[in-house]
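In structure tokens, one chain follows: the form predicted alone.
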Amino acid sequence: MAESILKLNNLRKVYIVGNLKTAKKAQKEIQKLHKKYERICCQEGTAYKEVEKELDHAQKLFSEEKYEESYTYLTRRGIKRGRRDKGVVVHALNGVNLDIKSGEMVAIMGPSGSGKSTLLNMLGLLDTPTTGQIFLRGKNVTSIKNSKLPNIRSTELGFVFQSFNLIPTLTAIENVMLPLKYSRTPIMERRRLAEEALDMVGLSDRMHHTPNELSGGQKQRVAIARSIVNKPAIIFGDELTGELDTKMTKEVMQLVVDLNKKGQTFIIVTHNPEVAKLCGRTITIIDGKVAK
């Protein structure tokens, strides 16, 4: 059975808009308890289970908009809502649990505003959760200092975006070499690996062309080559066929399927059901939760 490569444990992302002091105070107490939980959850004994139970109950009250009750439950102190205590709480992610296995090709779908982009930002370590844990290859990356996250992103994760995000003044091979520069790979090794990656996506004859000399499908192939050049554990695709026509979509997705068959893990956010059909599993997000 394939090993777990990426795991989410009760992941939540909350945005408090306005002057909702009761919600802010309750959230602060929840985060303090969560930090305590992270400190003791790997220790022997059952103390962490009691903390986990408290945390779950406080979060349940909070998600039900019972901010005063949540605060009182954790602090044993009362709190009152003031006259000017107005605003809104957005639960972008509300207790997401996921387990992605090595070698999987997973689609994430859902309506606009469902939390897909927020989830992708969490999975790609581009944003930090309010509470919850993210495990990459069994390591809790939510407890790692922010200053160390760029190194993890550049070596363990690859990204392919809808708008390609290629630098127009650089050639295909120079665009593909960029991640290797950030990971401090020697210059000669960078070129060799970039050529190898472009050959894998069928663009060895276009490596010295700039993006404006390439078709949309070729640009996305360069972007995919850039994402695989560091041999990452996971590649994230954010609507990677969104700007391609039907023919180019089929070509790019066939490339993705071929790379997946060689063992590359993919997580793809998409609105396209035809893209989702090519994935081994589809996760549907609705209102910040995994619906199915």
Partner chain sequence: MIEIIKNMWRRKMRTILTIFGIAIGILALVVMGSMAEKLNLLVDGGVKYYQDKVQITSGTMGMSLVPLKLDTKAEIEKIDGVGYVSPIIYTTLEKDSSAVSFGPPASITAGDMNAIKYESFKMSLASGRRLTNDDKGKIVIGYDLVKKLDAKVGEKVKIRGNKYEVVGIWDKTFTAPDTSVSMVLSDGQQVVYNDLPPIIKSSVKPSDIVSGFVAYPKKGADPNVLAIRIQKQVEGITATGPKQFQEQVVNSVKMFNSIIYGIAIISLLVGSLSIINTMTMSVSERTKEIGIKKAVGAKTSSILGEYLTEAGIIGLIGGLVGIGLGALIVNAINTAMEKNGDKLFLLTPRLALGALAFAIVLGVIAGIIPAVHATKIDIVKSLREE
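Numbering follows the first chain given and starts at 1. Note that the rigid core is defined as the largest set of C-alphas that superpose within 1.5 Å between two forms. Please read these numbers as outputs of a predicted model, since none were measured by experiment.
Not pictured, yet referred to below: the form predicted together with its partner chain.
- Phe159 belongs to the set of residues with a heavy atom inside 4.5 Å of its partner chain in the model of the complex.
- In the model of the complex, Arg137 stays away from its partner chain, with no heavy atom inside 4.5 Å.
- In the model of the complex, its partner chain sits beyond 4.5 Å of every heavy atom of Thr72.
- Of the heavy atoms in Leu170, some are within 4.5 Å of its partner chain in the model of the complex.
- None of Leu98, Ile144, Leu214, Leu178 but one reaches within 4.5 angstroms of its partner chain in the model of the complex through a heavy atom, and that residue is Leu178.
- Ser154 is the sole member of Ser114, Asn94, Ser204, Ser154 with a non-hydrogen atom lying within 4.5 angstroms of its partner chain in the model of the complex.
- Screening 159 to 167, 85 to 93, 106 to 114, 192 to 200 for residues having heavy atoms within 4.5 Å of its partner chain in the model of the complex returns a single hit, 159 to 167.
- With contact defined as any non-hydrogen atom lying within 4.5 angstroms of its partner chain in the model of the complex, the contacting residues in 125 to 155 are Leu126, Asp127, Pro150, Arg153, Ser154, given in sequence order.
- Relative to the superposed core, Asp99 undergoes a C-alpha shift smaller than 2 Å between this form and the one not shown.
- Once both forms are overlaid on the rigid core, the distance between the two CA positions of Met207 between this form and the one not shown is 2 angstroms or more.
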